[in-house]
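Below you'll find only one chain, the form predicted on its own, shown as structure tokens.
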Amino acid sequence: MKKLINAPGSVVADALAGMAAAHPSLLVEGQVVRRSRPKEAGRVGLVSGGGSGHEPLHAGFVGYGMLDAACPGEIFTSPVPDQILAATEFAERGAGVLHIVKNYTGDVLNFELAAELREGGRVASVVVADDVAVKDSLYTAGRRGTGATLFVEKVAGALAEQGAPLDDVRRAAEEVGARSRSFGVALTSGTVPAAGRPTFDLPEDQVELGIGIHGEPGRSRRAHAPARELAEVAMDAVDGDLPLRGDLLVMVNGMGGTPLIELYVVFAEVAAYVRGKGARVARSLVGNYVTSLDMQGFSVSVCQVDERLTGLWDAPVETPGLRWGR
């Protein structure tokens, strides 16, 4: 195993120290990443979190127009309730706090416990479950939460900056989740530093269809194929669950080890598929946003958007992982 680390046990702490050093807009306190300057009083606070190894999710989306704080757990491990509680206390600006939670059992339980432990102040929660690959697994009850988490954080964050009340922010977050679907393809496994070896075995001539962001099994394996065929498999799965129509927000996301040139090859095929369905790519993202350490592969996330949601997507944002309009 060759990795740019000091020691397997200090990877998360060392990375958070580097993030704070690189981005003065962030502070790291007790493994909570928060804005160095709290948002305006009277605004809804947003908190999310999950296991590390998916960068820039979630800490990279802390800042104006998105999250107030994020709770990075250890590699592929849920943050603990004390972390979440501390992040929630910081995010409280007098209008309540929304927890945005990926649908993994540990994340859901620990965010629920943190909300129960809090004394005073309203806490609402939205659970993101957008992965159409599998339903119910060793890791989840229901579908996994993956790329659409970014969509939810962005739209909810824009609405919170505008001063919308907690119930409105929660409903918008739930709407985005309901309108979104994702599917992932792995060419290789990722390697957890503490393990020192790939999470799963995948022959050189095989790909895993419907992989989870922690290396969980997908729907099936098949022989490696051109990008056009793999993109079609992913889009067939999305379209089969939520038919593509109207204006779409489309993200082709790298899993951490895929060159950007290859992601653009995939996006060209995804865009052609969307056109073939009579729909339109209204907004797009291509790059590493919800990764799985050094896994090679991609995921596609699609959200059906209307004029209101597109406006919230376009609203200014300034975070390490996403920025425009300021």
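A quick note: this is a predicted structure, and the numbers were derived from the prediction, not measured. Residue indices: 1-based, along the sequence shown.
Here the subject shifts to the form predicted together with another copy of the chain, a form of this protein not shown in this document.
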Has each of 6, 204 and 269 got a heavy atom lying within 4.5 angstroms of another copy of the chain in the predicted complex?
yes
With heavy atoms only and a cut-off of 4.5 Å, decide whether residue 52 touches another copy of the chain in the predicted complex.
yes
Hey, in the predicted complex, is residue 274 touching another copy of the chain, heavy atoms inside 4.5 Å?
no
Contact between residue 18 and another copy of the chain in the predicted complex at 4.5 Å, heavy atoms?
yes
Quick one: is residue 230 in contact with another copy of the chain in the predicted complex, heavy atoms, 4.5 Å cut-off?
yes
Heavy atom within 4.5 Å of another copy of the chain in the predicted complex: which of 198, 256, 217, 106 fits that? Just give me the one.
256
Out of the stretches listed (258-266, 27-35, 42-50, 63-71), which one is close to another copy of the chain in the predicted complex, meaning heavy atoms within 4.5 Å?
258-266
